[in-house]
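One chain follows as structure tokens, the form predicted alone.
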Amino acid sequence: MSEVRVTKEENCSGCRLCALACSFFISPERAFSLSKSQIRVARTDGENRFKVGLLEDCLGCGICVDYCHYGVLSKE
């Protein structure tokens, strides 16, 4: 099974497009909801730096990788 990894966190712009795509494609109702996403993006100390984390329930589908335009995530 494939695994999604955070490989270049320093490139994250905080756009959360990865999390929105995840929430849309994993939910049966096909709705955007950051709370249903298996990826979390959080601002670090009020700066323009972000912490990216994957929840344990992540399916490893790689949808988030396809929608990250900054190369933060990779699929192995």
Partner chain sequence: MEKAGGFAGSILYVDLSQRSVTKEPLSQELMGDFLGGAGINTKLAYDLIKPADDSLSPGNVLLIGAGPFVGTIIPGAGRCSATAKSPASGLFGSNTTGYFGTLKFAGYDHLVTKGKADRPVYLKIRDNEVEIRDASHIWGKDTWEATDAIWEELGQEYEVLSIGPAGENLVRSANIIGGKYSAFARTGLGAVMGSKNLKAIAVYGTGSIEVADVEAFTQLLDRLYKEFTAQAGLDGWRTYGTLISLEAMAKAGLYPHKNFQETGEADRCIEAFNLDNFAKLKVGDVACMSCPIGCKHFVELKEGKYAGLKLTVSCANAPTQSWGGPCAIEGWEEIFRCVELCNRLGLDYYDTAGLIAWAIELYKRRIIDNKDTQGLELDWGKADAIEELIQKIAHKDGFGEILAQGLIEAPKRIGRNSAYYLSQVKGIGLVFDPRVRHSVEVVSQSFNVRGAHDSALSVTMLPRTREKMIKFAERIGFPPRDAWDRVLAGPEGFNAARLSKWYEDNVTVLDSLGVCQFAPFQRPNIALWAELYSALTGIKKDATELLKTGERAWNIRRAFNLREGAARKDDTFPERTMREPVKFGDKEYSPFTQEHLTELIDDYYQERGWNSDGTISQEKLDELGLRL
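Positions refer to the first chain, counted from 1. Note that the structure is predicted; figures quoted are calculated from it, not measured.
What follows is about the form predicted together with the partner chain, which we do not show.
Undergrad: Would you please decide whether C12 lies within 4.5 angstroms of the partner chain in the predicted complex, comparing each non-hydrogen atom pair?
TA: Heavy-atom contact with the partner chain at 4.5 Å: present for C12.
Undergrad: Residue-level question: is K51 within 4.5 Å of the partner chain in the predicted complex, judged on heavy atoms?
TA: Judged by the heavy-atom cut-off of 4.5 Å, K51 is well away from the partner chain in the predicted complex.
Undergrad: Since only the chain is shown here, I'm wondering whether L17 would be in contact with the partner chain in the predicted complex (any heavy atom pair within 4.5 Å).
TA: Yes, L17 lies within 4.5 Å of the partner chain in the predicted complex.
Undergrad: Please run the contact check for L34 against the partner chain in the predicted complex: heavy atoms, 4.5 angstroms, yes or no?
TA: Contact check for L34: yes, within 4.5 Å of the partner chain in the predicted complex.
Undergrad: In sequence order, which positions of 53-76 have a non-hydrogen atom within 4.5 Å of the partner chain in the predicted complex?
TA: Residues within 4.5 Å: Y67, H69, Y70.
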